[in-house]
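Only one chain comes next, encoded as structure tokens, the form predicted alone.
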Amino acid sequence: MAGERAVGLVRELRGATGGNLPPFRAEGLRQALEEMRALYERNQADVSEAKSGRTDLIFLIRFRHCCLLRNQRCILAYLYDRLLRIRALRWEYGSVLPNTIQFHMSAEEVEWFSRYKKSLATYMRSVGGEEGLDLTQDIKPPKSLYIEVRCLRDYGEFEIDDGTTVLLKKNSQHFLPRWKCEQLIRQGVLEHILL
């Protein structure tokens, strides 16, 4: 049936819950676009025949046109939803995405992510005075300014604002300012210990 390939792309995204990014389906997208091209060419041929007096083709032309519009909406919804998910990943993981997520992105999506993170960084530097304002910190309001964390892998020395350096070694526990270690928690270097 007309339009099933494009709808399949949207169904796959709908099935990926929890903000996960499924692999980019270039072949499915290509097939949907090829189907649209074929529908358009058949419509063009039938329109020229309908102009010569074959009015029985008008309903078929309208049906194909509706299929074209449906495919267009599905493809745009697929691409837009993927961009929204990628934008949310920037806020969740920071400016460096894990390789498992980048593997599921197309080259154009990687380029869009790069431009988005540069634009966000430029904006954050422009607000908040001399040092800028990091909008990615404290996505959820903190209950306390310091938290206890456990180091999941060797990271090396980590400097706090007061000049104190802390050596982050695997399985070591520390009591650190939340805002200094929140990015490391998102990157998987530290783990928040809930008491």
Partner chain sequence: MFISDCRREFYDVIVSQRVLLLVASDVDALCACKILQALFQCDHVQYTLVPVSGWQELETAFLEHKDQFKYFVLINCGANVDLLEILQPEEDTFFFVCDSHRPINVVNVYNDTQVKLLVKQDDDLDVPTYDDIFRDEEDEEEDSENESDGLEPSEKRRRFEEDVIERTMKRRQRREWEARRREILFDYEQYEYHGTSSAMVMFDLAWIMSKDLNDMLWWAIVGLTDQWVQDKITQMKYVTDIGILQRHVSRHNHRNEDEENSLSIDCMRIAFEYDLRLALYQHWSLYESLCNTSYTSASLKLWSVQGQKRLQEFLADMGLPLRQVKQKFNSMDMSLKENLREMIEESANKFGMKDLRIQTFSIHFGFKNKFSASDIVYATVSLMENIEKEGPETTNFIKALDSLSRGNLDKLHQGLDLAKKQLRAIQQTVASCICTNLVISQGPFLYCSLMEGTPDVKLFSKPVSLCLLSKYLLKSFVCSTKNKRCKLLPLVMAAPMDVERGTVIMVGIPPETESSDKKNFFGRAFEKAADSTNSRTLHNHFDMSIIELKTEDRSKFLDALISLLS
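Residue numbers count along the first chain shown, from 1. We call the rigid core the largest set of C-alpha positions that still match within 1.5 Å between the two forms. Everything numeric in this text was worked out from a predicted model, so none of it was measured.
FYI, the form predicted together with its partner chain isn't displayed, but the following is about it.
- In summary, the region of this chain contacting its partner chain in the model of the complex, judged by heavy atoms within 4.5 Å and restricted to 164 to 172, 128 to 136, 63 to 71, 49 to 57, corresponds to 164 to 172.
- Proximity to its partner chain in the model of the complex, defined as a heavy atom within 4.5 Å, singles out one entry of Ala38, Ala45, Leu29, Ile160, which is Ile160.
- By the criterion of a heavy atom within 4.5 Å, Pro177 is counted among the residues contacting its partner chain in the model of the complex.
- Shown alone here, Tyr155 lies farther than 4.5 Å from its partner chain in the model of the complex, counting heavy atoms only.
- Core-superposed comparison between this form and the one not shown: CA of Lys180 displaced by 2 Å or more.
- Core-superposed comparison between this form and the one not shown: CA of Leu68 displaced by less than 2 Å.
- If you compare C-alpha positions, Cys151 and Glu131 are 3 angstroms or more farther apart in the model of the complex than in the form on display.
- A change of 3 Å or more separates the two forms for Glu131 and Thr165: their C-alpha atoms lie farther apart in the model of the complex.
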